[in-house]
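Here we start with a single chain on its own, the form predicted alone, put down as structure tokens.
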Amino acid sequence: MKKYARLLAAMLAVVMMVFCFAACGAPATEPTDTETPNEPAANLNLQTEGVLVMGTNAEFPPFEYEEGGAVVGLDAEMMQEAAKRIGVTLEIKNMAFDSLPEALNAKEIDCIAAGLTVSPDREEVMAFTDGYYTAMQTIIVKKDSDITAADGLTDKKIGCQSGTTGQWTAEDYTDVANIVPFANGALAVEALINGQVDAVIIDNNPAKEYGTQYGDQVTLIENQFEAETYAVAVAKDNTALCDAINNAINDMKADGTFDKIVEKYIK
């Protein structure tokens, strides 16, 4: 009997050890800190959770333009990639350029990516990421124009896209009454071709697009003004979103993705 008692006690000890090990191992099935940090970014103060609404004006090639009913271009593709890295879905709203700041302030959009130049006036009402592209204003004139440099713009009638740095630049050379703002650069260049304005001031890359489009009808006058910096804008107090977009774009620059996007749209 003692032999059987000792055997029974040994068997019970083994069973208890099995249950003990099972209990000790149970917490390993719970999520760990390393399993959950890649959830969609939170606390970004987005209008709709999980959706980043980008405002733009899709009449500014090659940064944003319409193709097949969709908004495409350097800014659109850059922000699609940034949204993916942040962990949200991108929605693009196409609107008039000069309405973008108001839409941002009214919380109709979460950010602006529209070849938007950083300026002191804009920094008073919105926050900017680091710059992602350097640009410069270019003058477009008709082929037979006697304007050959910026100093030839004095007192001339100048076309520009409304609300852009092209309009502000024009104010340095002619009276406000001589500045003709248009909804987009294409309309300004059409006015130039039709003789309604003497020159157009617009960012250099769109200017090159129009130069190609109108061939030998126009001349581009470049390198007349100081360089400008494009950046993404968010609401003034939304530091979290600004940092998230900034980090995503900087990561894209570091791994070469950003350069590939630029090369796709700017030759």
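The numbering used is simple: start at 1 and walk along the sequence shown. Just so it is clear, the structure is predicted and the values come from calculations on it, not from any experiment.
Below: the form predicted together with a small molecule, not depicted.
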| query | finding |
| --- | --- |
| Candidate site 117, 161 and 203: all three near the small molecule in the predicted bound form by heavy atom within 4.5 Å | yes |
| Per-stretch contact check against the small molecule in the predicted bound form, the hit in 149 to 157, 109 to 117, 79 to 87, 174 to 182 (non-hydrogen atom, 4.5 angstroms) | 109 to 117 |
| Close approach of residue 210 to the small molecule in the predicted bound form, 4.5 Å, heavy atom | no |
| Partner contact for residue 132 in the predicted bound form: the small molecule, 4.5 angstroms, heavy atom | no |
| Residue 122 within 4.5 Å of the small molecule in the predicted bound form, heavy atoms | yes |
| Contact test in the predicted bound form: residue 165 vs the small molecule, heavy atoms, 4.5 Å | yes |
